[in-house]
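Starting off, we have a lone chain in the form predicted on its own, written out as structure tokens.
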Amino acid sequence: MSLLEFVDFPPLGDERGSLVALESDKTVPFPIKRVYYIFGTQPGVSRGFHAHKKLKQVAVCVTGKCKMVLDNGKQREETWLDSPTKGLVIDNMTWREMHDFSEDCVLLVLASEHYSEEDYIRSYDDFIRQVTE
């Protein structure tokens, strides 16, 4: 079974341009409690390197591209995010890394929970211990 679960965001629009609607429990598979975006990432910089105990996310590159790596402790998969109409679902207890950001990358993240430092697992060794218990 693949870790890579995608949701499609159908583009709406006409001759003036396109629009994508992101809706809780509709186009996004959970209620959205927090939205943030990553931009201006410097060349050679990677982000992430953590997991969440409860929080689920959907990540979408609204412009540019980046490589996403997901790991559940048993398998590790990677994919490129490079479309504003495709989101990557990141389940709880999944280690995530983001690499190779293009200069114009804006990575939008929709989260199922409000920010809580207690929900983070920031050590890969701790993550592996928790998923194999």
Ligand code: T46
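The model shown is predicted, which means the values in this text are computed figures rather than measured ones. In this text, residue numbers run from 1 along the sequence as written.
What comes next is about the form predicted in complex with the named molecule, which is not displayed.
- This chain is drawn without the named molecule; in the predicted complex, the residue among V28, M98, L88, C105 with a heavy atom within 4.5 Å of it is M98.
- When the named molecule is considered in the predicted complex, only one residue from K54, K67, R34, R76 comes within 4.5 Å through any heavy atom, namely R34.
- Of the heavy atoms in Y120, some are within 4.5 Å of the named molecule in the predicted complex.
- The named molecule in the predicted complex is not approached by P84, whose heavy atoms all lie more than 4.5 angstroms from it.
- The closest non-hydrogen atom of Y115 lies within 4.5 Å of the named molecule in the predicted complex.
- Taking the named molecule as it sits in the predicted complex, the stretch 30 to 52 comes within 4.5 angstroms of it through a non-hydrogen atom at R34, Y36, I38, R47, G48, H50, H52.
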